[in-house]
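A single chain, nothing else alongside it, follows as structure tokens in the form predicted alone.
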Amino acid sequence: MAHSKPEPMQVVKQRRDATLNALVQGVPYIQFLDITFDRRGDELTGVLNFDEKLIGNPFLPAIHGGVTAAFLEVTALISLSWFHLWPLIENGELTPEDVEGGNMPAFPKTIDLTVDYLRSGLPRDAYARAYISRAGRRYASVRVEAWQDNHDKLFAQASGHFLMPELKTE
């Protein structure tokens, strides 16, 4: 019995990166806030690239609380989507072309999101990582942590519940 030769790692990495890029590029608000994602395997870290427009209080100066909340929610949504799409990407059932063409499952919908502001977000890049506590077919629970210079010194954290879209595989 002949086994098929595995895909070269560069091809797999390109497919993963292109799919993630298409997923992120599909949301204009993510572009407006200049949020990017650093991918290491299946783990994502959100990066809120600093810009003066993100400042809410120019006297401190501090990142606007709404921007912080949006950053945490976007990180949770993209991480949840990535978690659910990962098997489809790995099996080749979902390609970057599918995502760019709009042929992909919908994003999860936020049921609730509770944000804890622990300290002021300083005028610099911020990072966030989502931890999925529960991810079922219909419901997911996620915790997100945001930091700037030191991962041990969070400036915000959030917990949220999300309604998961149906995964349609053909």
Partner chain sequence: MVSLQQAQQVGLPFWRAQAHKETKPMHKVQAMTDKTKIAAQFIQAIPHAKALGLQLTHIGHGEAEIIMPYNEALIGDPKTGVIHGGAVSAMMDTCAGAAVMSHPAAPGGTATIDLRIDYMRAATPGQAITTKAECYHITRSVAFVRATATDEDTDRPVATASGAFTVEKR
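A quick note: this is a predicted structure, and the numbers were derived from the prediction, not measured. Residue numbers count along the first chain shown, from 1.
One more form of this protein should be noted, the form predicted together with the partner chain, which is absent from this view; the next part is about it.
Among residues of the shown chain, Thr110 is one whose heavy atoms approach the partner chain to within 4.5 Å in the predicted bound form. The partner chain in the predicted bound form comes within 4.5 Å of a heavy atom belonging to Thr114. Proximity of Lys53 to the partner chain in the predicted bound form falls within the 4.5 Å heavy atom cutoff. Taking the partner from elsewhere, His64 is found to have a heavy atom lying within 4.5 Å of the partner chain in the predicted bound form. Comparing 37-45, 54-62, 127-135, 140-148 against the partner chain in the predicted bound form, the single stretch with non-hydrogen atoms within 4.5 angstroms of it is 54-62.
Heavy atoms of every residue among Leu33, Ala69 and Leu77 are located within 4.5 Å of the partner chain in the predicted bound form.
Residues of 123-162 are not found to place any heavy atom within 4.5 Å of the partner chain in the predicted bound form.
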